[in-house]
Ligand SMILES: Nc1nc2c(ncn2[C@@H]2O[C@H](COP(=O)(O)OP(=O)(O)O)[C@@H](O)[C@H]2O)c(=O)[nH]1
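This document starts with one chain, in the form predicted alone, laid out as structure tokens.
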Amino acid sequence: MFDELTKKLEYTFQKLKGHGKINEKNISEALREVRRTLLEADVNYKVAKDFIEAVKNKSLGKEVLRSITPAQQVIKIFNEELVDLLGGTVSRLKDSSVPPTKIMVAGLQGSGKTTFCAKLSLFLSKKGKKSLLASSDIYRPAAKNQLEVLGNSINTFVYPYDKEGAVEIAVGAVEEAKNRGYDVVILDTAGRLHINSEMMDEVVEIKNAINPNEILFVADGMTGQDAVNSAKAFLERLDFTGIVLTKLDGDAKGGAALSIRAVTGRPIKFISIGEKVDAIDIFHPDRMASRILGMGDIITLVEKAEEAVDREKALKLEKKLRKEEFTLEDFYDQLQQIKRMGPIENLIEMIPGVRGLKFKDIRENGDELKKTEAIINSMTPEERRKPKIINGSRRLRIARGSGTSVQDVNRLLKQFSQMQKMIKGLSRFGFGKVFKQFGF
């Protein structure tokens, strides 16, 4: 989402680094460009103005002007102010002292509310909390069915109802959660294509009826300032406690993400990147600021790797590597673990120093992984374990089955053969030393 913004900021800061000395003139010129860049990214006018003013005041301090590396000092100040703009610290969900914790989810239609409810349920289940899902959307015919399908996909109970009103459904869901001993009840409310008094009256009635511990406003990150305007309207009536930004994997300019917290005064609690049910992250202002400035986000990358890696499989893999028994089946397992970490373009964005990599190269790398997976899927179990038995006729069958060419199959087998030779070399060094470095 922030690609264009990041590119322009990097260019501006690079020019600033080119000055031998920093003074009010070149700082003002640089910040003028930054301000224009923020406005082009659809950041709220007042937010951009106040932000630039704060950076400018700190950048003109004596300790910066006398610094050995004044340009780096200005960038450091910019980063600190950006972190502050985004909320400063992580904002966690509030727990109820008496279960269940009640979480109400609101927002406009199409913002991703229903999908987020399922994502949040799965996220909480990984933290050891059992949640009940409920939909009080009695207007959209597919709303309840959508939530049931999502709930089934993550083995989560969805509160059933027949012909009740939205408030009655909400109250009934909370009672059901109490009776069944659930830790959390997540309530999906009805969305509309635009703000109207009828919808607002209904969500306020639901709020008053169940007294939720958290009210999360879901904002579509693709809609720019419209998301900010909607948030202000919801805040006035609903006084929500936190914000969720969805669709951050899109090509929007990112202005909503940078404006919404400053305009509403409410913290961003979660971000959603992608359609998969596990595509949800806690919002870390410092990590987001680092990514916007092109510095990567290695901490989130490591956390995703820890979640994706099956330690039991890793230990089995180590034993196989020791015995030089690494097969295409093992290679396939590694591909699946990489896939669980998320789309490759999102992972690459988190690595410091690779912002210059063209999207075309990133996309091609992702396509190659898909092609490799298709080829291995088209092999028999015996062929995966013993690639040497794959002769000409087998290669042709595998190519046809995977929708690739014989040349693609040959290339994979050659790469795998080279990988096996490398593993033999590593085995002499000692895999135990390598795995211990990663905590296995």
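None of the values given here were measured: they were computed from a predicted structure. Start at 1 and count along the sequence shown; that's the residue number.
We do not show the form predicted in complex with this ligand, though everything after this point is about it.
Not displayed here, this ligand is kept clear of G255 by more than 4.5 Å at the level of heavy atoms in the model of the complex. In the model of the complex, at least one heavy atom of I273 sits within 4.5 Å of this ligand. Contact check for L108: a heavy atom falls within 4.5 Å of this ligand in the model of the complex. When contacts are judged by a 4.5 Å heavy atom cut-off, K119 counts as touching this ligand in the model of the complex. Judged by heavy atoms within 4.5 Å of this ligand in the model of the complex, the contact stretch among the candidates 226-234, 273-281, 75-83, 165-173 is 273-281. The candidate site formed by K102, K130 and K207 is entirely out of contact with this ligand in the model of the complex, as no residue has a non-hydrogen atom within 4.5 angstroms of it. Of the listed positions (S290, T156, T115, S259), a single one reaches within 4.5 angstroms of this ligand by any non-hydrogen atom in the model of the complex, namely T115. For the candidate set T241, Q146, S96, S125, a heavy atom within 4.5 Å of this ligand in the model of the complex is found for exactly one residue, namely Q146. Along 228-246, a non-hydrogen atom within 4.5 Å of this ligand in the model of the complex is carried only by T246.
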